[in-house]
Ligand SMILES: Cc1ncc(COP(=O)(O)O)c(C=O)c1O
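In the block that follows, a single chain appears as structure tokens, in the form predicted alone.
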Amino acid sequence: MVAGVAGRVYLDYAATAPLRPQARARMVELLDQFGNPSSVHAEGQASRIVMDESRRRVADLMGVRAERVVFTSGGTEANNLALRGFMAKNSSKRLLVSAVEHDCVRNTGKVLGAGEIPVDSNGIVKLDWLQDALTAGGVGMVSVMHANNENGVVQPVQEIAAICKAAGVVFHTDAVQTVGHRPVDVDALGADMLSFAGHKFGGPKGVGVLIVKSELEMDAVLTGGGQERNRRAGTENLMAVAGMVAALEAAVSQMTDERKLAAQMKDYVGSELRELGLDFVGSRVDGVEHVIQVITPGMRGEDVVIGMDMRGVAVSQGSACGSGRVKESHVLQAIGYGELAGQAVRLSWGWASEMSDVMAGVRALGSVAGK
């Protein structure tokens, strides 16, 4: 358990995770390091050293060269930079995104006139459909997330990447829900571009990464100075970058134990849900260990969230970016849940969670659902 609101249980790690102590300590250490990393004087160069070292450490952890690491303000900007930046240089080509993407990819795709890749009843991209679409020609880029933010279902990104590579198409994956939770090697996945955000694994909010193949030509979305090798203008957020790196290093070093405990928690929750007569999405396929999406027939998801909140347990319907808006899940609609698309909640846990937390979550859910 981490410090928070006294007496409450936090099960919304997929929205944001509590700050890891390693990230907090590193950020406090840099509070008075005020130099602009782009300045040539000693104060600026001291900050430049921190930025360069942070970039190298991210690169080592992700299995890439340092020049491929672009720091952004978070996952949304990283995804926007990938899609908008590449398509600006390839406007004669089509963009394809999966039907279950996070809204920052899905809505950006709509602006760019993207086609939508359908999924099967488990939420997995239909590879045959994708193969046919690429064979037909005219596609420049495909974006499919590594793991879904609502239900945790893991996509076969290596197979998707291979299909794209054979067709000469650039492949981007949103790995926001896997980096820091599962081993992620960018080149082993076959991704040309990969995005992630620091606050999902215990880093600060407001910082993320886009990893880009050095040879890819793309426009900057934010223009100004020449920061980030002209990929992303703006004075770098030194403290947040360093905090994210400290959190990522801690997540990777502790991943085996944290992942084992997360899997035990998911097994427990899944078993208890079956006892309550409740189904969860993606139960028949691979999914990340820290996320589970529960169908609550006859009860609107937002009502269940409020009911659990009143019982001291924080959960969500799905994407935190959609909070405050009552709407059905486009992810569940794409999978084929129909009217049940508005009747689901997401439970997620992480580095500071204890088994007692998920036990309390299940009890609260059962109480709200009248089980």
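Each residue number is its position in the shown sequence, starting from 1. Keep in mind that what you see is a predicted model, and the values were worked out from it rather than measured.
Here the subject shifts to the form predicted in complex with this ligand, a form of this protein not shown in this document.
A heavy atom within 4.5 Å of this ligand in the model of the complex is found for exactly one of 293, 155, 149, 143: 149.
None of 104, 161, 139, 239 but one reaches within 4.5 angstroms of this ligand in the model of the complex through a heavy atom, and that residue is 104. A residue is said to contact a partner when one of its heavy atoms sits within 4.5 Å of a partner heavy atom; residue 200 meets this definition for this ligand in the model of the complex. This ligand is not drawn, but in the model of the complex it has no heavy atom within 4.5 Å of residue 227. This ligand is not shown here, but in the model of the complex it comes within 4.5 Å of a heavy atom of residue 74.
This ligand in the model of the complex comes within 4.5 Å of a heavy atom belonging to residue 176.
Only one of 82 to 90, 275 to 283, 192 to 200, 127 to 135 lies within 4.5 Å of this ligand in the model of the complex by heavy atoms, and it is 192 to 200.
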